[in-house]
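A lone chain, given as structure tokens: the form predicted alone.
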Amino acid sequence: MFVSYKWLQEYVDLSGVTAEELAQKVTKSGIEVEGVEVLNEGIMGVVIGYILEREQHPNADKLSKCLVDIGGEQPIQIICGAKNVAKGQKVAVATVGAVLPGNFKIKKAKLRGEESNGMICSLQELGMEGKIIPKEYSEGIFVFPADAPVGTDAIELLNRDDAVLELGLTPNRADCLSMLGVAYEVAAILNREVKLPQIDLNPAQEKASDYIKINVEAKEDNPLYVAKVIKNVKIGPSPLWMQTRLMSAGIRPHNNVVDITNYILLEYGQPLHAFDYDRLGSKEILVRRAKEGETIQTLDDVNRTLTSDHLVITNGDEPVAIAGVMGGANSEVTSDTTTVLLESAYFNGGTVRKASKDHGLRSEASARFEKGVDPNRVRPAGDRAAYLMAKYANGEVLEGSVEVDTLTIQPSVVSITLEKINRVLGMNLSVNEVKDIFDRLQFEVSLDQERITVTVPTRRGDITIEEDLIEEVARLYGYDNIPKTLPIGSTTPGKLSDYQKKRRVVRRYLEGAGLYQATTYSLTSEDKVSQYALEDREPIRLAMPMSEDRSMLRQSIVPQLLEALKYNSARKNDSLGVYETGAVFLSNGQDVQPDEEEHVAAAITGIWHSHLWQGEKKSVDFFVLKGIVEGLFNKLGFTEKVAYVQAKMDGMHPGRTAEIQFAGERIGFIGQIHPSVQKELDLKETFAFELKLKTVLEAENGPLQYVAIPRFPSMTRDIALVVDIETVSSQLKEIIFTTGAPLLKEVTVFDLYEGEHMEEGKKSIAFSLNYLDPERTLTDEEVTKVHEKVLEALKDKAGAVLRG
């Protein structure tokens, strides 16, 4: 809802409160003001000018040379390119030295040899959007009414010396979808009075009931329908002040009759509709549900097919409007209209919403009916509109109204005790303080000792229970004024659990390793649900999926990470690493709650390091990712418990995949994505891992032990072993460690050779062995003795021999 600060002043005294201060007060009272737009910001030096003469530019076909009176001693010459510029018009003139939106400064200039001392402005050039400007001025200059004083401030006449507050209303505050609703709210905040609009009808002697008859078949959908008749109207432009107010609210002006209905929509929050009485085709209005397949051409010139779910206004036979949504073209007010049938009605919000949604017609009127209008404003809104039509369209309002009234809505009556208000709010308000708040809201209040009974006006349909009254007291008293208190009793300070601390360590480590955190869907498709799953369980399908692509609960995180890499790669971000910690869902059978298990997974692709000035470029490979995983376990203190065992897995490269074991239990995998999957996703070589994070983080590790830096030197021996090609290095490493203990402290692989100098079916693996005794210096004989035992054990247990 856009609220004009100047317009609001007509209903509430805002003296001493600026627009910005008002926005703060309204926000603190519970309605968010999303912004305050100062309409004349950056504009100065624009006045009303009168075009005395207009002639063709001697050197340009599309330019006009105008002599303009701007209220100075002498008229000035201005060159103008607008097609609709003409002698006798009153227009907006940016004088020399003026500033327009965008900090555009007006200077003296020569255009095709002719001097120009200013600029005749269109409304767009004054900062107004094209969609809200009257159609006749959407491609040219705006022409002011003949009574606009020459030389006065054009910005003020256009009501641009104003500020507009944009309210972010929640659905329950439909009362503030009108200027009067906002006025009641602001008056309560500022503790001031509300001034209601003037209604002074002088009806003609003829009666409206002689011209129209109202019948309502669908009484549940339309419990109140009021019609007024205004004769001898003269269609023309509405007053400039009304046009500018509509434009400030984002509504395009059309003509005086239509503009008045839109003006009342904003003022009262009550949608109205004006029919051309002479084009109606009968003297009857029948409100009913549409017939299946019935059609209507609406004001937007679209033929629409109706169903029995839609409520229509008819002339007794054919539809002339979709109730609460849009009128029909067959009864539209045009420049020839002389008699207006004015509709003011209360329609059921659900019925209006159904029609609005079915036809894709979301209008200002339908939005208000859907959220609920005040039934007690239906008649005053119609009277106010008729009064304005008499005043600004020279109409004659016929006596009385024709109506059908089966409305039974009564004001809500809610009672509450003072004790409950104070208990819930933690305050010590008196009865008089609470009563004063309800009086400011203009709620009727009665007191019975400490019991407060409130009769809520129908404009506030959101207040129905005790808690609503407590909220009103709190927000009007001021949330900032509620005293701060500490909880009573013993409290436990909040902190992270050990599991949460370790999870943060995991995330920070992976981010420090160069991976970006991803958050992907927990829902996946039937094709992907079982891919890369660590456990073979029955997939879990949603009872009511939004789409087939999101119909199953995931069993692995890796497929979603691969989709993230695919998305980025398609946008030229093809060197990337991502990780996620999240839940997977494992079935326990039909109608049994599934296990929700936390996993961590990562996927990397592209270039890992690129130092072009050194001629270095390193692509990701298995060992880059394995190094990240090893670093993670080292960070958590579990290096000794982890083993990597060669494995095969669907969707993974058959020769570059390993099973990750933790204390002898399989907890995950690591490896390269299968080339066929990479090709399907249009990815370069991609590597991924996934671990059961819960298993790792819940495992206990011993206290941290520090080892002193050795005072004595170590001794290193390198060996190259010839083994069968199927033998894995981890098997050899375990034999070396077991046999060489306790002097052997470190074993690393530093070379692998398979080539023409090796016997078929054999390979060479080279290890570096580090021997150390922290208490003394080892002798060569001691190391040799242990080293020979290691070689002997390798030969006996793995058939490994030293390479000659």
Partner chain sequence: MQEQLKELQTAAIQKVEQSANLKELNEVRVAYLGKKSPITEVLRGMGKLSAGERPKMGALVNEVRERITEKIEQKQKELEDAAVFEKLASETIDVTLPGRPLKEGNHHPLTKIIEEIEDLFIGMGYQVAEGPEVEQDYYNFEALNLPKGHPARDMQDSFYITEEILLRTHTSPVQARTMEKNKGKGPIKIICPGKVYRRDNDDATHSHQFMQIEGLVVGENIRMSDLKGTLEVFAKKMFGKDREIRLRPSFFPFTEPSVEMDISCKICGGTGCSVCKKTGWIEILGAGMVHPNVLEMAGYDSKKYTGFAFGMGPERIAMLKYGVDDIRHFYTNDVRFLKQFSAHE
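Basically, rigid core = biggest C-alpha set you can superpose within 1.5 Å across the two forms. Numbering follows the first chain given and starts at 1. Not measured: the values here are computed from a predicted model.
The same protein has a further form, the form predicted together with the partner chain, not shown here; the description that follows concerns it.
Remark: of stretches 461 to 469, 111 to 119, 135 to 143, 222 to 230, the one touching the partner chain in the predicted bound form is 461 to 469 (heavy atom within 4.5 Å). Checking Y521, F623, W241, F712 for any heavy atom within 4.5 Å of the partner chain in the predicted bound form turns up a single hit: Y521.
Taking N634, S610, T334, N428 one by one, only a single residue has any non-hydrogen atom within 4.5 Å of the partner chain in the predicted bound form, and it is S610. In the predicted bound form, at least one heavy atom of Y567 sits within 4.5 Å of a heavy atom of the partner chain. The closest heavy atom approach of H254 to the partner chain in the predicted bound form falls outside 4.5 Å.
Among residues of the shown chain, Y211 is not one whose heavy atoms approach the partner chain to within 4.5 Å in the predicted bound form. Remark: L515 counts among the residues lining the partner chain in the predicted bound form, judged by a heavy atom distance of 4.5 Å or less. Residues of 455 to 493 that come within 4.5 Å of the partner chain in the predicted bound form, judged by any heavy atom, are I465, E467, D468, I470, E471, R475, Y479, D480, N481, I482, P483, K484, T485, L486, P487, I488, S490, T491, T492, P493 in sequence order. In this overlay on the rigid core, G489 has a C-alpha that sits 2 Å or more away from its partner position between the shown form and the other one.
Relative to the superposed core, W608 shifts its CA atom by 2 Å or more between the shown form and the other one.
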